[in-house]
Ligand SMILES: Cc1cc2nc3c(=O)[nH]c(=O)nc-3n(C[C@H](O)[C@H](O)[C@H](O)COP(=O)(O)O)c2cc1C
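Below sits a lone chain in structure tokens, taken as the form predicted on its own.
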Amino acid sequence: MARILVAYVSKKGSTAEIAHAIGKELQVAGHLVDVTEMKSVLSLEGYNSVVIGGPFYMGSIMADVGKFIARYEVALKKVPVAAFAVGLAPLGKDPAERDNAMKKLQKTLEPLTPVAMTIFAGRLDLTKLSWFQKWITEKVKSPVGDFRDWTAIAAWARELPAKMGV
């Protein structure tokens, strides 16, 4: 039984819900899991592995993810790390869009080398957007709705212990 931290940043709640779903799967597998917002993490001491999660906004992963990695770089290099990002790239018809999103995720995670990394489709809820965000959403013809695949999220989470060696 390992002690695993699922650290996330979430702007509108979708990434937080995914982080909690991942934590639940890890708990079902018999691990001690803390699912915590990155800004609330005070130390990585005592954790056997860490899962990092953050959303894409305006084409980039929220800066809090990079700040978290910079703050805890030494400790993160000592344990297996997995990471996920949440956005609409998986919905695109162009595979290059998803590849580009994965490259951005990988770049954000540097200098870490994650044992697992993925991008999940998220949720775009117009009721949670400012008028400007709504305007941009309409301009770029962004899909609106909840596109999270809970089965895929659970499957990814169930694979983590083996990939992390815990």
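For every residue, the number given is its place in the sequence shown, counted from 1. Values in this document were obtained by computation on a predicted structure and should not be read as measured data.
Missing here is the form predicted in complex with this ligand; even so, the following discussion is about that form.
**Q** Which single stretch, out of 65-73, 41-49, 27-35, 120-128, brings residue heavy atoms within 4.5 Å of this ligand in the predicted complex?
**A** Heavy-atom contact with the partner occurs in 120-128.
**Q** Using heavy atoms and a 4.5 Å limit, would one call K12 a contact residue for this ligand in the predicted complex?
**A** Contact with this ligand, yes.
**Q** Answer for L88 alone: is it within 4.5 Å of this ligand in the predicted complex, judged on heavy atom distances?
**A** The answer is yes: L88 has a heavy atom within 4.5 Å of this ligand.
**Q** Would P111 count as touching this ligand in the predicted complex under a 4.5 Å heavy atom rule?
**A** Result no; P111 lies far from this ligand in the predicted complex.
**Q** Is T137 close to this ligand in the predicted complex, meaning a heavy atom pair under 4.5 Å apart or at it?
**A** It does: once this ligand is placed as it appears in the predicted complex, T137 has a heavy atom within 4.5 Å of it.
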